[in-house]
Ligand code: NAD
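In structure tokens, one chain follows: the form predicted alone.
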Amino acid sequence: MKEISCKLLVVGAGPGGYVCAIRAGQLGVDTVIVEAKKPGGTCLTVGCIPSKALIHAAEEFEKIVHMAGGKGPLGISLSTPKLDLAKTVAWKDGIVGRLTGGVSSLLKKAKVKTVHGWARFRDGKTVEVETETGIQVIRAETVVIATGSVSVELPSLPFGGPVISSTEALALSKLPEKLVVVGGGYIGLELGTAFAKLGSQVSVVEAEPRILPQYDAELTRPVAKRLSELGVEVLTGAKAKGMSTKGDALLVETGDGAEKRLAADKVLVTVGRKPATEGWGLEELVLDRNGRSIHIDDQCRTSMRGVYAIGDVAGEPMLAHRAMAQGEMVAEIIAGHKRNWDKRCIPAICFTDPEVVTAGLLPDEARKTGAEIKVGQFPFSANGRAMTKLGEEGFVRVVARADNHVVLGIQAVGHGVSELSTAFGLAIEMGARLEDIAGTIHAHPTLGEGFQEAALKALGHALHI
């Protein structure tokens, strides 16, 4: 097989890689992208998109179960609902298929050559790809490493049999009667909540003192309350020790040192993700590292000339939208544009019930900057739209400097607040002050009014509370 030469080689077609390749192609850069699986990476194929599909299906099913029990206030009653999980998964797979096909079409439209197979570096300019028809050698002037991340495996709970990662959880054709989730972060709680709504008996084991430890207790309290309402058992300050001899239960050491046995058909391990740096021949490159991740500068350049790294492989925050923004930037730099990473914030969303959104600094983080701050918080219990959606749990919170009122952070917890994340990010990116948010007319009745009211509260004159 003859060698391929190109100006830009992108290794990995996840959100960062495919966006980088598409933008480079649009700018007339001769680009090749290598991907062993389907385009879209973890996020599109086995992560963000399929998990949100399952979460939506679970929400709809739980609503119907609630109505069938005659417990809802809306006056709606139904016969006993049933779940066909295999059909649900097939629907999810259909969405994924449409999106991966769309990415392939966009790459083709941008005149990007796609090579299917596993890439391995020979040096900083050359990779060899194991394709179905043999080894393909690709030489490039510039290389972008976009290999993503993989689930962290616990030594005491290796994947296999009843122990699964989020990938296997999203492909189950039969609902586990008893599911134990190891890890109370966003992945574990998103999937744990979904399976609880679908009818599984769910337990969550978290080593930290509380769930979602990256957020403050005020933000996570509504999530903990909802888990309790769904009958989810949450063990904090607890450590998973391993499976029972028969493989039908997880052995857990509780906070007081006692051992607890949690019966389980499946044990879902969601203790984090790590950069995918193994198996790519990266040892052939001289790359500085930050722990497991590849060290990059404000243009995503690595320690090797002509080699860039974007997305999860370059460390936290491991978010698809960060990878996409980096990919677009790097493509433009390679095409000769002047760009560098100057983002003020990267919004993060936890799709639990209720959802959690953060942009910028949390209150404690803002105080650590040494600045005096103002905090304004508005509850959804005083928001008309939230009431009509039975979503009165939660609030919007704005954190700003006390001297000039520049907004440093915005957070929210509540039903549907993920859709407010764009407004939050835009406000911080544009350098908004409390007066800018308070003075902007927010449509009524919407959840977004809570954003305006929180700013008014920080200024000392909230109108509806």
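Numbers for residues come from their place in the sequence shown, where the first is 1. Being a predicted model, the structure only gives us computed values, none of them experimental.
The form predicted in complex with the named molecule is left out here; the points below concern that form.
Participant: Looking at 134-142, 288-296, 383-391, 266-274, which one sits within 4.5 Å of the named molecule in the predicted bound form if you count heavy atoms only?
Facilitator: The contacting stretch here is 266-274.
Participant: So the named molecule isn't shown here. In the predicted bound form, which residue out of V234, A238, A325, A366 has a non-hydrogen atom within 4.5 Å of it?
Facilitator: By the 4.5 Å criterion, the partner-contacting residue is A238.
Participant: Check each of I164, L198, A224, I349 and return the one that places a heavy atom within 4.5 angstroms of the named molecule in the predicted bound form.
Facilitator: When the named molecule is considered in the predicted bound form, the option within 4.5 Å is I349.
Participant: How about G188 - does it come within 4.5 Å of the named molecule in the predicted bound form, if we only consider non-hydrogen atoms?
Facilitator: Although the named molecule is absent here, G188 would touch it in the predicted bound form, with heavy atoms inside 4.5 Å.
Participant: Within 4.5 Å, heavy atoms only: does L319 come near the named molecule in the predicted bound form?
Facilitator: Heavy-atom contact with the named molecule at 4.5 Å: present for L319.
Participant: I'd like to know whether V180 contacts the named molecule in the predicted bound form, with contact meaning heavy atoms within 4.5 angstroms.
Facilitator: Judged by the heavy-atom cut-off of 4.5 Å, V180 is well away from the named molecule in the predicted bound form.
Participant: Mark E355 yes when one of its heavy atoms lies within 4.5 Å of a heavy atom of the named molecule in the predicted bound form, and no otherwise.
Facilitator: Answer no; every heavy atom of E355 is more than 4.5 Å from the named molecule in the predicted bound form.
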